[in-house]
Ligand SMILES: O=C(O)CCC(=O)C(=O)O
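One chain comes next, on its own, written as structure tokens: the form predicted on its own.
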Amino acid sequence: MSTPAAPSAPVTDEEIQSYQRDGFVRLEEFFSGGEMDVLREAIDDAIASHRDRILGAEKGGRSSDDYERVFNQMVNLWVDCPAVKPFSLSARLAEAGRSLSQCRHVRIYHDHALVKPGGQVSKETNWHQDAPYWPMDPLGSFSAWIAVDDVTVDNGCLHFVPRSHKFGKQPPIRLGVEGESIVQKMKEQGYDVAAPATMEMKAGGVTFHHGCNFHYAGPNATDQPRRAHAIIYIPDFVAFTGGGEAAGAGSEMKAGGPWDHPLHPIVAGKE
């Protein structure tokens, strides 16, 4: 039986080794059913109020109806939705991630609710990496993905390719464009890409995945939305590379410098 990695870490040595080896790990029943009721209601309220996809962006970040068929994404929900803040800034969740990544401290990059619509309008989320879209370097940033609803193959659960983070950061693919796939591109270049692992979970389960891990979510074939809430974490050794919005703080930070900004507080560990 595995023992805790540290007194305050809600992960085991075995889970840390699994994350380091495969680039992802699944933690079942991390949050309670009651907690997910709260988060589910908060996300539904944000949708009902027509909350912007990206605060401050032109047209609220809703530039493509086609992309909305992949998922309705709402970034930095924690800054204006008080009920979401305890989840996005959860010290327990962040400490689990800090322990998995073996860093000194982690900051939040941003959170984002991910609501995949059900029925005929739903589209798959292409096989991709996250790191190519983030203005940060060196590699090491990662995401926690909370299943707010039960997630299955039928409603668009995540799939991860074990050890794919070891390929490093690849050129970005065009998300929302049919046929685009980082897995296919790597195979065409002659790389041996492992078979994917399917991440079905009950509501309250969490997965962590490295920013270079190849991952995918199928379309939601059910008649109900599939709600998830993800938080991206920045380890202490990762610097801002400049450019981009940086979740609303790009113009207020220096390229090559730390993520020292009120929108990116330390959520686990020490300075």
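Numbers follow the displayed sequence, beginning with 1. Note that the structure is a prediction, hence the values are computed from the model and not measured.
This protein has a second form, the form predicted in complex with the ligand, left out of what is shown; the following refers to that one.
Visitor: I have Thr125, Trp145 and Leu158 flagged as a candidate spot, so tell me whether each of them has a non-hydrogen atom within 4.5 Å of the ligand in the predicted bound form.
Guide: Affirmative, all three are within 4.5 Å.
Visitor: Looking at Val238, Leu39, Cys212, Ala217 here, can you tell me which has any non-hydrogen atom within 4.5 angstroms of the ligand in the predicted bound form?
Guide: None of the others qualify; the residue that does is Ala217.
Visitor: Find the only residue in Glu180, Asp130, Glu200, Glu95 having a heavy atom within 4.5 Å of the ligand in the predicted bound form.
Guide: Comparing distances to the ligand in the predicted bound form, the residue within 4.5 Å is Asp130.
Visitor: The chain here is shown without the ligand. Which stretch in 185 to 193, 166 to 174, 110 to 118, 86 to 94 comes within 4.5 angstroms of it in the predicted bound form, by heavy atom distance?
Guide: One stretch meets the cut-off, namely 110 to 118.
Visitor: Would Ala230 count as a contact of the ligand in the predicted bound form, using a 4.5 angstroms cut-off between non-hydrogen atoms?
Guide: Contact with the ligand, yes.
Visitor: Can any non-hydrogen atom of Arg226 be found within 4.5 angstroms of the ligand in the predicted bound form?
Guide: So Arg226 counts as contacting the ligand.
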